[in-house]
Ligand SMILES: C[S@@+](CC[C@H](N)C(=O)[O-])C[C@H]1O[C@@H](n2cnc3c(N)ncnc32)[C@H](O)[C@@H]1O
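One chain comes next, on its own, written as structure tokens: the form predicted on its own.
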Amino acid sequence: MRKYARQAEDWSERQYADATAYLSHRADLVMSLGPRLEPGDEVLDLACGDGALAEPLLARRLRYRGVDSTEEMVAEARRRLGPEASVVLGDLNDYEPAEPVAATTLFRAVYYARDRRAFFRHVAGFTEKKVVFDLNPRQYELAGVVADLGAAGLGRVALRPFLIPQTVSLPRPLTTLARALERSGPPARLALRFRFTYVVAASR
């Protein structure tokens, strides 16, 4: 985790070629994929890093709570967000909010789950509407992940290819095209054989 500690400042700005477009699209899917979130719903963002996802979620009138295991990331997220959101130190495997949340998110971090099935079961215990995360289908067998979600009581699974590149900034027309292609079925699944990820929304 020390690499994250050293790089906490401006983490998202350095990770994403166009952080605004990338995270805005991610926030759209957090809100709309699977059961829809409504203004006022609370999102718990596990492994939240510097909290950059909070900004587009807050703009959509959702409430935000971030959790990260790196002190420097928590400090950077608090600096970025100020009093608009709560960010606390914690391990995604063990953290449990005092009250249930509408949605729990986990991006670029599912591999930190010590036991994936047990992790999904733990999160399902305090998540009312859905769990949303990204999945690299070239790294994880989709059927196995879906089986683990089902065993945790999250048997309704919605998938969406996410075709906005992380490290390349696209002109707006190409961004619009990429978002349209995500709904294209076979062409989108073909793209996933080579790069990109799914966004997964799992619910009861």
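As the structure is a computational prediction, the values presented were derived from the model and not from experiment. Counting begins at 1, following the sequence as shown.
This protein has a second form, the form predicted together with this ligand, left out of what is shown; the following refers to that one.
Q: Using the partner position in the predicted complex, report whether residue 97 sits within 4.5 Å of this ligand, counting heavy atoms only.
A: No, no contact at 4.5 Å.
Q: Hey, in the predicted complex, does residue 37 get a heavy atom within 4.5 angstroms of this ligand?
A: It does not: once this ligand is placed as it appears in the predicted complex, residue 37 has no heavy atom within 4.5 Å of it.
Q: Examine residue 43 and determine whether its closest non-hydrogen atom to this ligand in the predicted complex is within 4.5 angstroms.
A: No, residue 43 stays farther than 4.5 Å from this ligand in the predicted complex.
Q: Contact with this ligand in the predicted complex for residue 84, defined as at least one heavy atom pair within 4.5 Å: yes or no?
A: No, no contact at 4.5 Å.
Q: Could you tell me if all three of 26, 90 and 93 have a heavy atom no more than 4.5 Å from this ligand in the predicted complex?
A: Spot residues vs this ligand: full contact, yes.
Q: Heavy atoms within 4.5 Å of this ligand in the predicted complex: which of the stretches 172-180, 27-35, 137-145, 43-51 has them?
A: It is the stretch 43-51.
Q: Mind listing which residues of 45-82 have a heavy atom within 4.5 Å of this ligand in the predicted complex?
A: 47, 48, 49, 68, 69, 70, 73, in sequence order.
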